[in-house]
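The chain below stands alone, shown as structure tokens; this is the form predicted on its own.
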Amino acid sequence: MIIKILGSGAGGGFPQWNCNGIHSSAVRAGKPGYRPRTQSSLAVSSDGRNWVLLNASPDLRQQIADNPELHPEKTGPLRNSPVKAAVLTNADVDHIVGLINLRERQPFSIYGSDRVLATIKANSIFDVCANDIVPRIALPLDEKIKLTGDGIDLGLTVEAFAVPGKIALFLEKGGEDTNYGSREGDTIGLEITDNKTGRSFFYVPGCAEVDAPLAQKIKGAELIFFDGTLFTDNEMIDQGLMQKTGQRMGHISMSGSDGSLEVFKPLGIKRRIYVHINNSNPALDENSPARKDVEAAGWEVGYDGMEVRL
């Protein structure tokens, strides 16, 4: 099984188009220790020919161009694609907007929770992915589903499970005092299994906390790609970028007594890779104390183009 990080950044990418913060400015200036990142998405394949997207980033067209594995087969039909399915973990803009790049009557399958698929259905722009050749398939929670696309068995099984989170920002109605806590299906995690080898990994790019059910689910895993949005809960406020904490946005921080660096310690997960990293996160600076803390704890900071094989 081949896993590629197409985009390792959070919403807006890195640098963010309108951001002049310390880290976006540094990467834009080419400062050593910083590398650009597109928005959050992975791709996985059991055979190296047929691929499944895990989330569809707004930067998907660029990501396909940057990864030859996702190019049309040279000896194939005039219109063809190795992208056979997309599995969505929530309805955030940085995870669904890329679907419109997959128009032009190309067959593939869209998988997501009932609530995420309802959001897509309510926005007619997504009908550019023609309903007659692009099925939308609901993922029941805690059930193993074999992935198919364009009439092909993709050799992979997905199991979706609820994780603590919140509804997408653009779906919020009300003021800052409103409780935007997650309902089942707003945010899901995925376990992807290679049907031939039985080996699997977890993908949880958005998560508000590692509660007991989630900890039990991922304990002892071989590999996880996990929410690395912020290093500290208040960092966007402290940097003058936004008056919201990570918790308000539905994201756990890396540091702190209830941060991912600490709560993962007893879980015995062999390999841990951060993805969905916000432009405010000091761990983006490869020479920073924050990056040293991350690496000392045995974590890796994912980057665009990173490939992992199981």
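If you're wondering where the values come from, they're calculated on a predicted model, not measured in any experiment. Position 1 is the first residue in the sequence shown; the rest follow in order.
From this point on, the text means the form predicted together with another copy of the chain, which you will not see here.
- Message: Considering non-hydrogen atoms and a 4.5 Å limit, which listed residue (M236, V158, V210, V204) is close to another copy of the chain in the predicted complex?
- Response: Contact residue from the list: M236.
- Task: Taking 4.5 Å between heavy atoms as the contact cutoff, choose which of V116, I188, V83, V87 touches another copy of the chain in the predicted complex.
- Result: Contact with another copy of the chain in the predicted complex is made by V83 alone.
- Message: Looking at heavy atoms inside 4.5 Å, which stretch does another copy of the chain contact in the predicted complex, given the options 217 to 225, 146 to 154, 119 to 127, 191 to 199?
- Response: Heavy atoms within 4.5 Å of another copy of the chain in the predicted complex occur in 119 to 127.
- Item | Exercise: R271 in contact with another copy of the chain in the predicted complex, heavy atom 4.5 Å | No, R271 sits far enough from another copy of the chain in the predicted complex that none of its heavy atoms falls within 4.5 Å.
- Message: Does any part of P289 reach within 4.5 Å of another copy of the chain in the predicted complex? Heavy atoms only, please.
- Response: Answer no; every heavy atom of P289 is more than 4.5 Å from another copy of the chain in the predicted complex.
- Query: Counting only non-hydrogen atoms and a 4.5 angstroms cut-off, does M242 reach another copy of the chain in the predicted complex?
  - Reply: Result yes; M242 sits at the interface with another copy of the chain in the predicted complex.
- Query: Does V301 reach another copy of the chain in the predicted complex, with heavy atoms at most 4.5 Å apart?
  - Reply: Close contact is absent here: in the predicted complex, V301 is far from another copy of the chain, nothing within 4.5 Å, heavy atoms only.
- Scan 99 to 115 and note down the residues that get a heavy atom within 4.5 Å of another copy of the chain in the predicted complex; none is a fine answer too. The stretch 99 to 115, when checked against another copy of the chain in the predicted complex, contributes I100, N101, L102, R103, E104, Q106 at the 4.5 Å heavy-atom cut-off.
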